[in-house]
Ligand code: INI
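For reference, the chain that follows is the form predicted alone, supplied as structure tokens.
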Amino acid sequence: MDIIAKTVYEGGLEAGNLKIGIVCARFNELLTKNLLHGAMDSFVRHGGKASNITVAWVPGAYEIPLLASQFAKSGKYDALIGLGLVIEGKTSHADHINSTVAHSLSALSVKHEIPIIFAVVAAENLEQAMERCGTKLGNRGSDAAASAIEMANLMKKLKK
């Protein structure tokens, strides 16, 4: 039996005049710049203007939440994206970084009522990292931009 809701909200994928902020980690820059390119390309391909994107580079993934917080507080953006890459080493350090950044961005998103997309690639090795940063398995930056667009549009609909 199909149950039809009285009201259904969905965000579209038209970037239009949306403004987004991207915080990108410089650590592993050889690949994070691919994530950034993927995000910007996706935003423009969905009808957004490159001039409506603001990018801030931070030293590493761990620093992403602080800048995301500043962007969120400014009220200038419809959505934010945190881009980075953490490759596992011989310790659990990568797990701690990814967990902390994911939790922090989620908390900031709820606090400031703005979509903040977590796009820090967690990889076990360089090959996995390359696959997720623009080769075989796509580009997580591109996916993040699509999520940001959809969520920003959804939030606009809910605020009406």
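All values derive from a computational prediction rather than experimental measurement. In case it trips you up, residue 1 is the first one in the sequence shown, and so on.
Below: the form predicted together with the ligand, not depicted.
Not one of Leu13, Lys19 and Phe43 places a heavy atom within 4.5 Å of the ligand in the predicted complex.
Only one of Ala61, Ile117, Cys133, Leu36 lies close to the ligand in the predicted complex, with a heavy atom inside 4.5 Å, and it is Ala61. Taking a 4.5 Å heavy atom cutoff to the ligand in the predicted complex, the contact residue among Lys49, Lys111, His93, His103 is His93.
The ligand is not drawn, but in the predicted complex it has no heavy atom within 4.5 Å of Ser69. Contact annotation for Leu80: none of its heavy atoms lies within 4.5 Å of the ligand in the predicted complex. Put simply, Ile97 is close to the ligand in the predicted complex: some heavy atom of it is within 4.5 Å.
Using a 4.5 angstroms limit between non-hydrogen atoms, Ala144 is distant from the ligand in the predicted complex. Here the chain stands alone, but in the predicted complex its contact with the ligand, taken as any heavy atom within 4.5 Å, falls in 22 to 30 among 49 to 57, 124 to 132, 103 to 111, 22 to 30.
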